[in-house]
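Only one chain is shown below, in structure tokens, and it's the form predicted alone.
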Amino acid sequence: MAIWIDSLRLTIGVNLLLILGLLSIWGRNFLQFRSKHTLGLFVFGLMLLSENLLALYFFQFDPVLHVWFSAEMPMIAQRAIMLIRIFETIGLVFLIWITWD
């Protein structure tokens, strides 16, 4: 059962790395072009980074939620959250691809 939570933490770590990569590109683009579009992408990235950092805190460091997620959370909920994180990872990989293309 803990393999889903460990996979979830790994997925959050991958998402954080992808978001940091996107933020560096979008931040550099905003400094160069000064457009609302690049600013919007950068702010979106900051919000996504905040969401993933908060999720990592809840799943890894929070004393109450960490125990609940690891031992007491129903399997169907673990799988559902894992699926949502995988979709987010796929979306971020696609954003990286179109940003570098």
Partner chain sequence: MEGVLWYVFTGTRGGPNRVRIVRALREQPRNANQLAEELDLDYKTVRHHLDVLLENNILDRGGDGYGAIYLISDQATQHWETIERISEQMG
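These figures come from a predicted structure and were not determined experimentally. Residue numbers count along the first chain shown, from 1.
In what follows, reference is made to the form predicted together with its partner chain, a form of this protein that is not presented.
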- Counting only non-hydrogen atoms and a 4.5 angstroms cut-off, does Ile25 reach its partner chain in the model of the complex? yes
- Indicate whether its partner chain has at least one heavy atom within 4.5 Å of a heavy atom of Ser50 in the model of the complex. no
- Message: Taking its partner chain as it sits in the model of the complex, is Thr38 near enough to touch it, meaning that at least one heavy atom pair lies within 4.5 angstroms?
- Response: yes
- Give a yes or no for Ile98: in the model of the complex, does one of its heavy atoms lie within 4.5 Å of a heavy atom belonging to its partner chain? yes
